[in-house]
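This document opens with one chain alone, in structure tokens, the form predicted alone.
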Amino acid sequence: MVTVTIDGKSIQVETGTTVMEAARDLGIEIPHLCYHPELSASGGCRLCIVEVEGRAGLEPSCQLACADGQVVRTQSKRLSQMRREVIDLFVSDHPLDCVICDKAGACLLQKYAYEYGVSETSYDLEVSRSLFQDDNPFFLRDHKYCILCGRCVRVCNEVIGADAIELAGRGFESHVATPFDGPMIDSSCIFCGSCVQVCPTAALMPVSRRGKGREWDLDRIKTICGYCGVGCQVEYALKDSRILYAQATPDAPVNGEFLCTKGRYGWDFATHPERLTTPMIRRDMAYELGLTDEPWHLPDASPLAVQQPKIEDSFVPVGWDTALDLVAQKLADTVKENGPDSIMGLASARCTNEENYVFQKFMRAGIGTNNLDHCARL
């Protein structure tokens, strides 16, 4: 263990802990763009520089190991001037169109430009990367917003292991590229969206997110992904009660900031136009219950043989109370006549873990049967 003092606060940390990590443990934020706690430190953006007592130069805190007795300052007039200069260099090659940018309110470059008072560049503005790639149904790649922090490259290599992208070119021609700059579908990308999760700017954005509002316009709801039994936490961003995109959160106990392809992009069924949003009763049963005046009989041909069948041809919409009363009565009659094992329950992988727990509890304790399965093969 070593003891280090940061901005007058002392802390004991394990040998090998960086100043950035120690500062985070103390609740001290050091500005950063290329640093991410789940990835290796690159030290590329130089925004996290700090002053170390006894050293003349400035050190990147993401790569600086704590030493016993070390005294560090994260804020000073000198540091502010240097960070302002770094941000000035970034915005000299970055569009200053925050007023119309979808990432406004969640962009780290915008955040630090505001904090350090950089409203425009003092250099000649020249956006060297203009490539816009909309080559897959999941996310957009808008290179003019890229700051070459390398987060996307490192997460693809270190966390996912896909190695689908890499930094290519030199100088103003540098950019994040797939092999031979080909379409993303032709690379080894598995479309997990982890690169989108860690991108600090609008260079990587969900397709479903584009043009749907600012970050402060969106509501957030956390839940548990229902696709498997791992129990990953997922946060949905909603506008007008419709899901725009899904992401993970740093405090998620199981998965941290990462999700698989299904967890991040497999939510479109919730807003699919063919999704049933009200209970439906077959027309012959609705006629028997007096819910419709039109008699109806099952057709000789199976409904499954009909191309693009219309649900209203065979079913009538009813209220929830009517549907639940009918199901309860039919289940009770069946159990009374044939016993509980004459009933079998099939749970849905589209439901949450909590909903499926309640369903199996109802089947086992309420109905009294263990005839239960789950369609978790999506």
Partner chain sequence: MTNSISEIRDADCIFITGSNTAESHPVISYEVVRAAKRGAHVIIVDPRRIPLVRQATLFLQVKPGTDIYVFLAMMHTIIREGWADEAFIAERTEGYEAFKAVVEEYTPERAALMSGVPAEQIELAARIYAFGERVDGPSVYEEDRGHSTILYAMGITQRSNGTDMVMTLANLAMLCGQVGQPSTGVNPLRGQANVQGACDLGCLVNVFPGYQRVTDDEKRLALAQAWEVEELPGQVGLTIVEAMHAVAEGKIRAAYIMGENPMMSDPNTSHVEQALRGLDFFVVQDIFPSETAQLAHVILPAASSLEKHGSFTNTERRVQLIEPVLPAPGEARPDWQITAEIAARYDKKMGVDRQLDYWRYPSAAAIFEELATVTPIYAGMSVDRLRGEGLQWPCPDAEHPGTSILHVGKFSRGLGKFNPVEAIDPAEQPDEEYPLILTTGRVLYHYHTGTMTRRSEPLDWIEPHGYVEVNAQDAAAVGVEDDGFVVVKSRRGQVNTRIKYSEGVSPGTVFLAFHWREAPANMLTQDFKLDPVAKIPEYKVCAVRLENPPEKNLVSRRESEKVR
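The model shown is predicted, which means the values in this text are computed figures rather than measured ones. Superpose the two forms; the largest set of C-alphas matching within 1.5 Å is the rigid core. Residue numbers count along the first chain shown, from 1.
Beyond the structure shown, there is the form predicted in complex with the partner chain, which is absent from this document and is the topic of what follows.
For the options 260, 108, 89, 146, the one in contact with the partner chain in the model of the complex, meaning a heavy atom within 4.5 Å, is 260. The stretch among 237-245, 68-76, 108-116, 210-218 whose residues place heavy atoms within 4.5 Å of the partner chain in the model of the complex is 237-245. The partner chain is not drawn, but in the model of the complex it has no heavy atom within 4.5 Å of residue 131. Although the partner is absent here, residue 269 is a contact residue: one of its heavy atoms lies within 4.5 angstroms of the partner chain in the model of the complex. Using a 4.5 Å cutoff between non-hydrogen atoms, residue 59 does not count as a contact of the partner chain in the model of the complex. Contact annotation for residue 55: none of its heavy atoms lies within 4.5 Å of the partner chain in the model of the complex.
Contact annotation for 206-224: residues with any non-hydrogen atom within 4.5 angstroms of the partner chain in the model of the complex are 221, 222, 223, 224, listed in sequence order. Positional change of residue 212 between this form and the one not shown stays under 2 Å at the C-alpha, relative to the superposed core.
After superposition on the rigid core, the Cα atom of residue 335 is displaced by 2 Å or more between this form and the one not shown.
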